[in-house]
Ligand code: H79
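In structure tokens, one chain follows: the form predicted on its own.
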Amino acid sequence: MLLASAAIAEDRTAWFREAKFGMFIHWGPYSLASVEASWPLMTPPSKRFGFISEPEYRALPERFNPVQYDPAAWVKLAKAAGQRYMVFTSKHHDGFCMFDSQFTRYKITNTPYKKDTAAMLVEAARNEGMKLGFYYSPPDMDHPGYRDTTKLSVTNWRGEPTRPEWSMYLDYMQLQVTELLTRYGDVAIIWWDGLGGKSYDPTRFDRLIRELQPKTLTNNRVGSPGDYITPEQFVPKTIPSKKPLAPGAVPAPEDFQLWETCMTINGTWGYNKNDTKYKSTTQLIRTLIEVASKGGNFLLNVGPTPEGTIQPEFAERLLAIGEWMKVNGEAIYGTTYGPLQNLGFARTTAKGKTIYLHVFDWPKGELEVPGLGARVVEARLLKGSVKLGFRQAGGKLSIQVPAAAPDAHASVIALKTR
């Protein structure tokens, strides 16, 4: 029975392990004010989250009208970037729903736009064969069952589970999650974001999801382990494992902890015209490699504009990543963590008997790779599919490489082993 359960779990997560790269989308009326999603309600006004009062924030839906929203363009951009799945914010901590929920007035269909943005994206994703999941926030600043809404959110934003109204709020959550899982077709992921809270009766929601859509994956942010863990805005220094690892060690396959890191292209999740600290294409590609080298997935965020477009600085970087992936995607998709975790100049991923060497610092002479125990029978540069000469002795592999790096971001060499 245990083996059968493990096989079912593996099958459920197989597409996720293969995909490696996805698009996160944080979008809502907050984009109008160039402030962070929800956090201006929950913290005093600040440069980090935005200078806006709670009444001003609450009034934003009255003028939210993203008339340039083209979900097909979003999906095509994700595909061009090499992303294999998308996660859309159906409801953030502010409680505003980007889908037409029957159980709240605080939603996209009560704005001047009036249309169900989630339903539109679902259709566009389905037309392109793109897997789509929903971010859903258990915290809800708008619901009187979650907190006493006669007070400012900054005073009780963590929720008040000891109030008798809490059970009413959990019922509300169940109704909305049921809507997402029964009205929008196949849902790849329910991406919880519980802010560390453990009062949401996670067993109840695990059971609900299994009953309605058994293949839907969940993360670990509602109080239960879920299918994978979610470091945010950083890459773990070591491979996530269910058992302790020595520095530089790799876990046995059964001990590997499935994981995904989510990260922004600039410094904010929602659209912010004032945040121009964009990560470079090279930094983003190397982060993708770093994540894959430790067996993880990379969920890269975009915050669409109030008009419904993805800003050119984001699109430019995504398209450049896609160009890199056209050449080097085989070293990312379907791979797992590589055998060499302590190389300063490169990272490794692995697939079957092939080890992929992602070189960040190109050598002036031969490329020397220490510590590789497997016997190499072929070395091939992915760009141009050029076979390279090599020799292997004394625990060191020496590869004859071109004088200049074939790719400015990262050059990949496939090492076929015996």
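These numbers come from a predicted model, not from an experiment. Throughout, we count residues from 1 along the sequence that is shown.
A second form of this protein, the form predicted together with this ligand, is not displayed here; the remarks below concern that form.
S.K.: How about residue 114 - does it come within 4.5 Å of this ligand in the model of the complex, if we only consider non-hydrogen atoms?
M.R.: Judged by the heavy-atom cut-off of 4.5 Å, residue 114 is well away from this ligand in the model of the complex.
S.K.: Mark residue 193 yes when one of its heavy atoms lies within 4.5 Å of a heavy atom of this ligand in the model of the complex, and no otherwise.
M.R.: Looking in the model of the complex, residue contacts with this ligand include residue 193, since a heavy atom lies within 4.5 Å.
S.K.: Although this ligand is absent from this view, report whether residue 92 comes within 4.5 Å of it in the model of the complex, heavy atoms only.
M.R.: Contact check for residue 92: yes, within 4.5 Å of this ligand in the model of the complex.
S.K.: Evaluate residue 383 for contact with this ligand in the model of the complex, applying a 4.5 angstroms cut-off between non-hydrogen atoms, and reply yes or no.
M.R.: It does not: once this ligand is placed as it appears in the model of the complex, residue 383 has no heavy atom within 4.5 Å of it.
S.K.: Would you mind picking out the stretch of 360-368, 58-66, 374-382, 36-44 that comes within 4.5 angstroms of this ligand in the model of the complex, counting non-hydrogen atoms?
M.R.: Checking each option against the 4.5 Å cut-off leaves 36-44.
S.K.: Counting any non-hydrogen atom inside 4.5 Å, which residue from 347, 294, 317, 221 sits next to this ligand in the model of the complex?
M.R.: The residue in contact is 221.
S.K.: Of these, 200, 169, 74, 135, which has a heavy atom no more than 4.5 Å from this ligand in the model of the complex?
M.R.: Of the listed residues, the single hit is 135.
S.K.: Just to make sure I understand: among 225-249, which residues lie within 4.5 Å of this ligand in the model of the complex, judging by heavy atoms?
M.R.: Counting only heavy atoms within 4.5 Å of this ligand in the model of the complex, the single contacting residue of 225-249 is 232.
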